[in-house]
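Take a look at this single chain, the form predicted alone, given in structure tokens.
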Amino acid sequence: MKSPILNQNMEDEFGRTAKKLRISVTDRCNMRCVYCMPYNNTTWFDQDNLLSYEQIFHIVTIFADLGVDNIKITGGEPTVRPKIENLVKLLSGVDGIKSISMTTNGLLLKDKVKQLKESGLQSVNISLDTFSEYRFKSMTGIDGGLKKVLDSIDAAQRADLKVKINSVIIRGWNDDEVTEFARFSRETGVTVKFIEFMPLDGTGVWNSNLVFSKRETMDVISRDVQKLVPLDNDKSDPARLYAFEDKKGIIGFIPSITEPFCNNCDRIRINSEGRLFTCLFEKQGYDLKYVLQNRKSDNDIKKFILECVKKKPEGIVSIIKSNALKPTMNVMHTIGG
């Protein structure tokens, strides 16, 4: 007979229940995007300290018992970790897990699509912030990468993966390409999600004037392409989804700064060293790997997780209210997107 603790949901003090787990498998990346990673002064995790695939599998079985049904594999860049398809296959066999997706920059995805799909991956979020080769290099630090990303988008679609594009819009950098992204969705059928620039950049350039808001982006699209119509959205999904009036193309908005969605957040994160973060803006997190290695039973681990989730902070909304937003509040590549 199962212990009663197995039936507990991961509810925090604000009444939110965690259902989605984002797992970073590495802090390493083959890009240096300005809104994510420090440039030339990155402190890397000791690779010997990273969670093994077997440890991640064990963790996911525990979280599945506690109600998690949605897994997103992140990084850094997850495809730089060897044999990432083996982890996908392991996780696809966990009872209770309904969805396995991955966030990737797309540089290596084309050559891995078939293996990932066969292993059980269902969808990919591919980062793409510009259609200009020059801008691509200036924003990512990579020369010649744009074609590789576009080829990966095409390969993922042909492999019948659900494809979404994540585009971070920064005022004065790429906000003049909003219309092109909207038309890309209409032409290809992929969902394009516009993400407001958050203070999680490793370069420390963030300031509120660089935030190109959801409202501004919608106004540009409605004016230059076609009016957007809201879809039925899962209130816990950070993306607010819209279709065009003619139903051709889907656009999403993640308005983390101008319209925070913390009240409905159902996500928690584990970084590649095994630290549990209940919020992107949590500084230290909790050492789940230590508990995994030193506690005798899964119930002990479950109790620890429940205690951590109970203390989940309100989120960025409280930071905004207190006027405490500042650059590099955390560094995204060490936590996972």
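Quick caveat: nothing in here was measured; it's all calculated off a predicted structure. Sequential numbering from 1, following the sequence displayed.
The same protein has a further form, the form predicted together with S-adenosylmethionine (SAM), not shown here; the description that follows concerns it.
When S-adenosylmethionine (SAM) is considered in the predicted bound form, residue 168 lines it closely, a heavy atom lying within 4.5 Å. S-adenosylmethionine (SAM) is not drawn, but in the predicted bound form it has no heavy atom within 4.5 Å of residue 51. In the predicted bound form, S-adenosylmethionine (SAM) sits within 4.5 Å of a heavy atom of residue 35.
Of the heavy atoms in residue 184, none are within 4.5 Å of S-adenosylmethionine (SAM) in the predicted bound form. At a distance of at most 4.5 angstroms from S-adenosylmethionine (SAM) in the predicted bound form, all three residues 74, 78 and 197 contribute at least one non-hydrogen atom.
You can rule out all but one of 112-120, 242-250, 98-106, 81-89: in the predicted bound form, only 98-106 has residues with a heavy atom within 4.5 Å of S-adenosylmethionine (SAM). Of the candidates 191, 213, 174, 127, 127 is the one whose heavy atoms come within 4.5 Å of S-adenosylmethionine (SAM) in the predicted bound form; the others do not.
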